[in-house]
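Given next, in structure tokens, is a single chain: the form predicted on its own.
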């Protein structure tokens, strides 16, 4: 199959999932064409059967805001026409679903029917998409997609609740390549971070308010009072300056390290003892799943789609939003006893394997085949 994938090329979950999906499909012999404004961060090196098409947006004095959506639709038409594309798979509704609809209509005038799959990832539905500025276009674009998928049951429910759509939504979970996170040995790296055998706690996010990164710091402070620990904060975003300023002025925050954006999470997560994700909302929680794939138990909130991946008392624990005391108590339950910690590590990996990429990719392939057969019949 010749598949065009449209996504954001950034560190966010939608871009990561779309890129990893394309890479595995290419390994299976499909031709994958990424269409976006810069090369996706997870698309490093040369990959057979993978092609990248940059969306160029000319700037003119007339435009205060360059019309990316129009340029994207034109790029889709160009790629479909010149590379015998069988279908378009767009990730994140805004603006990709509406641009795909425009491209589809242009191609229909040329007597070409190209199926469009829209995969919903989270904030395109729960935050940005339901803003009245965008809602009518997002709703229309979702309805006009040939197939609509969501990465969790929670996101499916949120979509029906926030938008007046009638179209069926198929849930295909986010995934992780478990093998990629099996990095051993890691002892030398651990000693650099924790030379005195401290526990290593990790958080990774885009540092937006919804991630509640200050709760990560407060939970860590409570843990560190009982068990000497290091905290690694991975990522960047609008809340980072405030968090970083707080930790500089805090006497018991000297072992908190800001690592910034990191492409190779599989090199960092295997040294961790615990992963913290106290988000106010997660449509799925891909960062937590990647931690589990690296045998790292997860302490999270019970918000959004997190209960669908983090099993209470098995892969980790969940608490109510903002309850840092409960999160720290749960963390200490895991970290205080060597055998308990080893059990949770093993169980976290066991849970992650349920979402292994090789279980999820066939669901997409089956969907692709069905749509292509309908298009040619």
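Predicted model only: the values in this text are computed from it and were never measured. Residue numbers count along the first chain shown, from 1.
Here the subject shifts to the form predicted together with a small molecule, a form of this protein not shown in this document.
Open item on the list: Whether residue 282 contacts the small molecule in the model of the complex should be assessed with a 4.5 Å heavy atom distance threshold; does it?
Closed with: Heavy-atom contact with the small molecule at 4.5 Å: present for residue 282.
TODO: May I ask you to state whether residue 174 is within 4.5 Å of the small molecule in the model of the complex, using heavy atom distances?
DONE: Within the cut-off, so yes.
TODO: Evaluate residue 121 for contact with the small molecule in the model of the complex, applying a 4.5 angstroms cut-off between non-hydrogen atoms, and reply yes or no.
DONE: Yes, residue 121 is a contact residue.
Open item on the list: I'd like to know if residue 220 sits close to the small molecule in the model of the complex, meaning any non-hydrogen atom pair within 4.5 angstroms.
Closed with: Residue 220 lies outside the contact set for the small molecule.
TODO: Sort through 73 to 81, 236 to 244, 284 to 292, 183 to 191 and report the only stretch with a non-hydrogen atom within 4.5 Å of the small molecule in the model of the complex.
DONE: Looking at the other structure, the answer is 284 to 292.
Task: Contact residue in the model of the complex, from 262, 224, 139, 206 (heavy atom within 4.5 Å of the small molecule) - done: Checked against the cut-off, the match is 206.
TODO: Quick one: from 216, 116, 103, 151, grab the residue that has a heavy atom within 4.5 Å of the small molecule in the model of the complex.
DONE: In short, 151.
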